[in-house]
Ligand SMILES: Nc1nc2c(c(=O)[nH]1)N[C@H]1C(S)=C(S)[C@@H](COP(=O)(O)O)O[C@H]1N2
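Given as structure tokens, the chain that follows is alone and in the form predicted alone.
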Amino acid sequence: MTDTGTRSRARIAEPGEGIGLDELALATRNHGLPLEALRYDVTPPGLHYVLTHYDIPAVDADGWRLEVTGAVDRPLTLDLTALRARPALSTRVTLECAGNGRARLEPRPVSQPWLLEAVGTATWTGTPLAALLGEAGVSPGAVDVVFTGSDHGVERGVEQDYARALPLAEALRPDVLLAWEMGGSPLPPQHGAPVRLVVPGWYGMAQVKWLTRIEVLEEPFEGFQNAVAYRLKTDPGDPGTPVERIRPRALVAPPGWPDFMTRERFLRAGPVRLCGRAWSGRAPVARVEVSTDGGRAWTDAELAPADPAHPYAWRAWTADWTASPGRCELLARATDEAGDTQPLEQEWNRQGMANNLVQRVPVTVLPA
């Protein structure tokens, strides 16, 4: 990691400042889930959200190697054939970008301008990381495990390979995978081919793509993506707290049909079946509530049964509504078993991270 200049702070948009061309360039490189695709239990790969910090690297699968180094007894180097020969596990996991919802904050943090679509659910196949670390022999003094990808760039003046660390206890969870398949097919380039990390329950920044190196440390990792980026803080000088597990969120699958520019929804008066998805990385979702009057009154939605085989995948919900002509606003909010509920007012931070403010869907109900 090289400092190529002054390490700039996260920038906040000036009052009245619109989305800039640099943010539009980010928005064209990255893409979110079309919310009508919430109908799928498993997101088709082409509709799953994508965020790449730098360029998508061109990785030769035949020449790819994974190194396991650092505070270990037996450093390892594996090619793709050797990794795929290990016991495999498939798991369905909902991933969400930590910046999801950033563009709706006021004042707006300047970065990838996500609305609410930075999410998707896929079935990932790979081998458990814990067994690989066990084979390498982790030092008794280890505290962090660092994962480095082959994507390289500059961020706030710092030249770097993308690298993130997990606390050792998280890295040793049995469901953390070194994944080589998405939906039963080899990983697409934009999703980290040939091998990526999958950490169920954590925001997307932990899911290091194009993985090349795993390093065990006996001191906390101070790399840019842990120590500077992905921190919850309100003041520039505040070191903040790290972004980790996904906070609860519910989304409404948009009913009716949209206006081309505004995406406002239109539908006919009468019985309407509202539906959507809800998830949390901290604890299972316990409740989804729906409001059809802008948040003044709430009713419980019906949650689909939890799937114990896939505890980190989103759950479907439904709610019946008799729509009357006029304009209204639909809201949905999730509460998890730990008691964490989506807020109705924004909880602002300088980088726009872990913002799970409730979704608001404007709807015009036409006469039947």
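When you see a residue number, it is the position in the sequence shown, counting from 1. None of these values were measured; they are calculated from a predicted model.
Here the subject shifts to the form predicted in complex with the named molecule, a form of this protein not shown in this document.
A.B. asks: Consider Tyr49 of the chain shown here, and say whether it contacts the named molecule in the predicted complex, taking contact as heavy atoms within 4.5 Å.
C.D. replies: Although the named molecule is absent here, Tyr49 would touch it in the predicted complex, with heavy atoms inside 4.5 Å.
A.B. asks: Is there any non-hydrogen atom of Glu244 lying within 4.5 Å of the named molecule in the predicted complex?
C.D. replies: The answer is no: Glu244 has no heavy atom within 4.5 Å of the named molecule.
A.B. asks: Whether Val208 contacts the named molecule in the predicted complex should be assessed with a 4.5 Å heavy atom distance threshold; does it?
C.D. replies: Because a heavy atom of Val208 falls inside 4.5 Å of the named molecule in the predicted complex, the answer is yes.
A.B. asks: Should Gly201 be counted as a contact of the named molecule in the predicted complex, where contact means heavy atoms within 4.5 Å?
C.D. replies: Contact with the named molecule, no.
A.B. asks: Which pick from Phe224, Phe221, Trp180, Tyr230 sits with a heavy atom within 4.5 Å of the named molecule in the predicted complex?
C.D. replies: Selected residue: Tyr230.
A.B. asks: Could you work out which of Arg92, His191, Arg108, Arg265 is the residue within 4.5 angstroms of the named molecule in the predicted complex, going by heavy atoms?
C.D. replies: Selected option: His191.
A.B. asks: Based on heavy atom distances of 4.5 Å or less, which listed stretch (245 to 253, 138 to 146, 291 to 299, 191 to 199) is in contact with the named molecule in the predicted complex?
C.D. replies: Every other range fails; the passing one is 191 to 199.
A.B. asks: Give a yes or no on whether every one of Leu129, Arg173 and Glu215 sits within 4.5 angstroms of the named molecule in the predicted complex by heavy atom.
C.D. replies: Heavy-atom distance to the named molecule in the predicted complex: none of the three under 4.5 Å.
A.B. asks: Any residue of 144 to 182 with a heavy atom within 4.5 Å of the named molecule in the predicted complex counts; write them all down in order.
C.D. replies: If the 4.5 Å heavy-atom criterion is applied to the named molecule in the predicted complex, 144 to 182 yields Gly149, Asp151, Tyr162.
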